[in-house]
Structure formats: C-alpha cells, structure tokens
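As a starting point, one isolated chain is supplied in structure tokens, in the form predicted alone.
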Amino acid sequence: MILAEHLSYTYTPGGVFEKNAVRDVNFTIEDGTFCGIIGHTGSGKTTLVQMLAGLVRPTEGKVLINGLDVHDKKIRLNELKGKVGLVFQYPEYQLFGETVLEDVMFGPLNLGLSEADARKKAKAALRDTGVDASLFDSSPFELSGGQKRRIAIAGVLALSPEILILDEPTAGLDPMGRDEILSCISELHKREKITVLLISHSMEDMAKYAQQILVMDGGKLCMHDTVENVFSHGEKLREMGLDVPDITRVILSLREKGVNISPDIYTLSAAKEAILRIWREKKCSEI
C-alpha cells in the first residue's frame, strides 16, 4: 500500500523563486492498483511521483510504502529499489550498455545479484516488454525509438519493483508504439499484480488502462476516485485545463440534448451498449 500523508514540496524555500509545487497531498493506493495521474503542466505530478519514489525529500509530510517510510535515513537504498521503480520521460536517453542485455542487467548486478541471476532477470524483463530475443546482443543505439523505450522500461522491471511509476512513458511515440507499450504494462500489471502509477496527458489511455485517477491542480490533489467518477466531472476537469475522453464528450453532449444516458461512460464499448439499449427502448415504446 502507498500512503501519502500531508505531502508538500517547496522549491527554493525562502528565495526569490520560491514555488510550492505540491501542497498538503493525502491519499492511499492499495496494492495491485493501476492508478492514473493527470493534471496540466506545472500541476505537481512529476514532483509528486519523485517523492513517492524517494528521489525528492518532502518539505513536509511523508510517504509510506507497505509501512516503510521511504525517506527514513535508516532505510538502505537497495531496500527501496526493490520496492519502487520509476521510469522517467524519454528513458531511452539513459541507455549506455554495449548490448541490450548488458544494459538491462546493469540494475540487478548493482543490487548484488550474480551474473547468472541478473541475466535471467534481464531476459524476463525484456520478454515482458515485447523485445525479441534476436535483439539481446544488438547495440541499443541502433534500434528504433519504440524499441529503445521498451529496453529502458525493461531495465526498471528487471529490478522486480512492487510499484512501477511511469512518467509519460509513451511521450513522442506514434499511436501504435504507444498502444504496444501500454498494453505490455497492462498485461504485466494483471499477471504480476504489481501497483502501477501512470502519468499521462491522454485521457483515452486513462480510460483504457487505469482503475483509479489522481487529479492534480496547482500542487493540490483535487480528485482521487474511480475512472468513472472522475470523468463524470467533465466541466470541473475542463476548468482545470484538462479534458475527458472523446467518447465521454459525446455522452455529455447527448445528455445536454435530453438523452437519458449515464454520465459515467468513458469507453466506446460501454457507449455502444448504452446507446443501443436506449434505441431498443425507444423502438419498443413506439410499438
């Protein structure tokens, strides 16, 4: 379980450029949850996840991972690495190994695993991210952008984190590359029951993959609820400079025109079923 208690972070406190990036944020995320994090640029999303991963110490408050205070100075760094994995934007810029396999093995080796165990972990992580075995001995710098992104994510997965945090992992990729990577992460979440926190500007991705959503605005946590409930507040999201999935926008437009349809629909399949049901009811009433 992830527990955030009164988390706040201030950049350059007391200085001319003082900025309250995160302000008194509280939430709980249960094990095995796929949680989306949304908010416009500057809302505090990245600072928040950096505190969750132990990279940035809160100005106030604390983060507990299964009861472990991630900012406790007595906690060994290796102990935290085994719990939380963070994938930054454009993680392929962090690749440096001569081969794909060597690059992904680096993390497990640094945690003290034997070369044989590190190799086993790396191969499993590469398979989980859809990297073909024929590329294991290739230079990562000779591969496509999408393949580099998969390898970089595999490098984090090879550490076997209980919690995987991804900050815009599909930024800059084409729609096919984006869907392939997020599908791999979703399958891993379902199979291994790991907790996933995904920052994304794509409301369609949130609707397709997330179970819950955290909404940040001006450094504050404005909403933390199921996907259905968050997207039912379309007007409130728009006031924050956000949006809802395209299909939700269609549903809300139908409601404005007097169609009696639920406002918490956010997937194409659910919209199709609801519209067909209304159409059948209308036909029956006309007979």
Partner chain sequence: MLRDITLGQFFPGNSPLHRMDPRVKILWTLFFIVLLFFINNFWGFLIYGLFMAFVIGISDIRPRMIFAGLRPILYLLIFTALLNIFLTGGENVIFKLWFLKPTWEGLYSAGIMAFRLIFLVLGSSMLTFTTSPIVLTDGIEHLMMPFSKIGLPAHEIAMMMSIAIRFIPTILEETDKIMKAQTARGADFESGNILRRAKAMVPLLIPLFISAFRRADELAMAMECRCYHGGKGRTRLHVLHLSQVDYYSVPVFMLLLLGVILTRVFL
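Positions refer to the first chain, counted from 1. A quick note: this is a predicted structure, and the numbers were derived from the prediction, not measured.
The same protein also has a form predicted together with its partner chain, omitted here; what follows describes it.
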>> Please determine whether each residue of Q89, N110 and G155 possesses a non-hydrogen atom within 4.5 angstroms of its partner chain in the model of the complex.
In response: yes
>> Would you classify Q50 as touching its partner chain in the model of the complex, given a 4.5 Å non-hydrogen atom cut-off?
In response: yes
>> My question is simply whether V259 lines the interface with its partner chain in the model of the complex - judged by any non-hydrogen atom within 4.5 Å.
In response: no
> So, in the model of the complex, is L159 in contact with its partner chain at a 4.5 angstroms heavy atom limit?
Replying inline: yes
>> My question is simply whether V56 lines the interface with its partner chain in the model of the complex - judged by any non-hydrogen atom within 4.5 Å.
In response: yes
> When its partner chain is placed as it is in the model of the complex, which of 189-197, 97-105, 170-178, 207-215 ends up with heavy atoms within 4.5 Å of it?
Replying inline: 97-105
